[in-house]
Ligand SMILES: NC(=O)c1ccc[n+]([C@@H]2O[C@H](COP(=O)([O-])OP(=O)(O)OC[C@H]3O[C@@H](n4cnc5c(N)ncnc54)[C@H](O)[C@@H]3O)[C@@H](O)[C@H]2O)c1
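There is one chain below, alone, in C-alpha cells, taken in the form predicted on its own.
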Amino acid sequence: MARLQGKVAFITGGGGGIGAATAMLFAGEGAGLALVDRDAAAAETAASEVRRRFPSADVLPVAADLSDEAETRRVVDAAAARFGGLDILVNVAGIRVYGPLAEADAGSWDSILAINLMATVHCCKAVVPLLRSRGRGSIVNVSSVFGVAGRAGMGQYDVTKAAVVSLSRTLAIEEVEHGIRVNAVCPGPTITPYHIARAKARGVSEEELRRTGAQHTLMKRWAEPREVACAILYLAGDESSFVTGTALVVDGGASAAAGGSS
C-alpha cells in the first residue's frame, strides 16, 4: 500500500522547487494535497503537473500570503473542510536576501522574517488543533544546512533557518503528548528553477551551474528537489514514527566537508 494512503498534506511553497517535488512524491504515495503558494499561477501549474502524472490524485491549489496570520488560518481551515481534516504539514515556503549582516536594514529583516519564520509559525499554529483532533500528525519544516552552520553573505536567510530548527524542536516537545511529531529537514545546495533563473540572469547556463555550483559538497554536485522531498516523505510518514524533534541534514556532505577543513 502507498505510504501516505488516506492522508492529507498541506504543503507550502508548493508552486516549484522542493515544494512541487514533495507534492509529486506525496501524490504518488496516495496523499491528498493542498498545494499552497503566493503565486496562484505557480500553484495551479504544479497541481496540473501532479494530476497529469497521477490522474486520480486529489489536489487543491491554493493562493495565499502566509505571512498574514488571518489569511493562513482561513486557507488552512478551508483545506481541512475540503478534505475532511489534515494529517501532515510541510512548510517549504521561503525567500532569500543576499548581503552581509552589517548592511542589513529593517525592511529586509521584516520581509524575510515574515515569510521564512512567521509564515511557518502561522501554519503550525493553524494546523496543530486539526492534528490534535486526529490524535496524531506530522509537521516537517524545511530549514537549511546553513541553519546549523553559518556562512558569509546570507546571514539573514541563515538566521531565519536556524530559527526554524529551534521552532521545530520546541514544538516537538510541546506537542508530543498530542501524538504530533515535528521535525526539520536541512537541505544543502538544491538545484531549483529559482537558482537556474538567477544564474541565467548572470549569464551562467544551467549546465555550467550544475558543474561548478556545489563544489563545497563531498559529492561535488547539487541535490535534485526530489532527493530532498524523499527525506521529507520519510519524516512525514509512519516509517519515522519514533523520530521527533530532529533536524535531518540532507547536504551531500557539505557540513562534513566544512568540518574537515577547519
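Don't overthink the numbering: it's just position in the shown sequence, from 1. As the structure is a computational prediction, the values presented were derived from the model and not from experiment.
The form predicted in complex with this ligand exists for this protein as well; it is not shown, and the discussion that follows is about that form.
Novice: Let me know the one among Val75, Val182, Leu131, Ala93 whose heavy atoms come within 4.5 Å of this ligand in the predicted bound form, would you?
Specialist: Answer to the contact question: Ala93.
Novice: With the distance limit set at 4.5 angstroms and only heavy atoms considered, check whether Gly17, Asp39 and Thr192 all reach this ligand in the predicted bound form.
Specialist: Yes: Gly17, Asp39 and Thr192 each sit within 4.5 Å of this ligand in the predicted bound form.
Novice: Even though the partner isn't displayed, in the predicted bound form is Lys161 close enough to this ligand, meaning a heavy atom within 4.5 Å?
Specialist: Output for Lys161 is yes: heavy atoms within 4.5 Å of this ligand.
Novice: Determine whether any heavy atom of Ile115 comes within 4.5 Å of a heavy atom of this ligand in the predicted bound form, and answer yes or no.
Specialist: Contact with this ligand, yes.
Novice: In the predicted bound form, does Thr45 come within 4.5 Å of this ligand, counting heavy atoms only?
Specialist: Contact with this ligand, no.
Novice: According to a 4.5 angstroms non-hydrogen atom cut-off, is Ser144 in contact with this ligand in the predicted bound form?
Specialist: The answer is yes: Ser144 has a heavy atom within 4.5 Å of this ligand.
Novice: Please determine, with the chain shown alone, which of 233-241, 213-221, 199-207, 63-71 has non-hydrogen atoms within 4.5 Å of this ligand in the predicted bound form.
Specialist: Within 4.5 Å of the partner lies stretch 63-71.
Novice: Pull the contact list for 232-257: residues with a heavy atom within 4.5 Å of this ligand in the predicted bound form, in sequence order.
Specialist: The stretch 232-257, when checked against this ligand in the predicted bound form, contributes no residue at the 4.5 Å heavy-atom cut-off.
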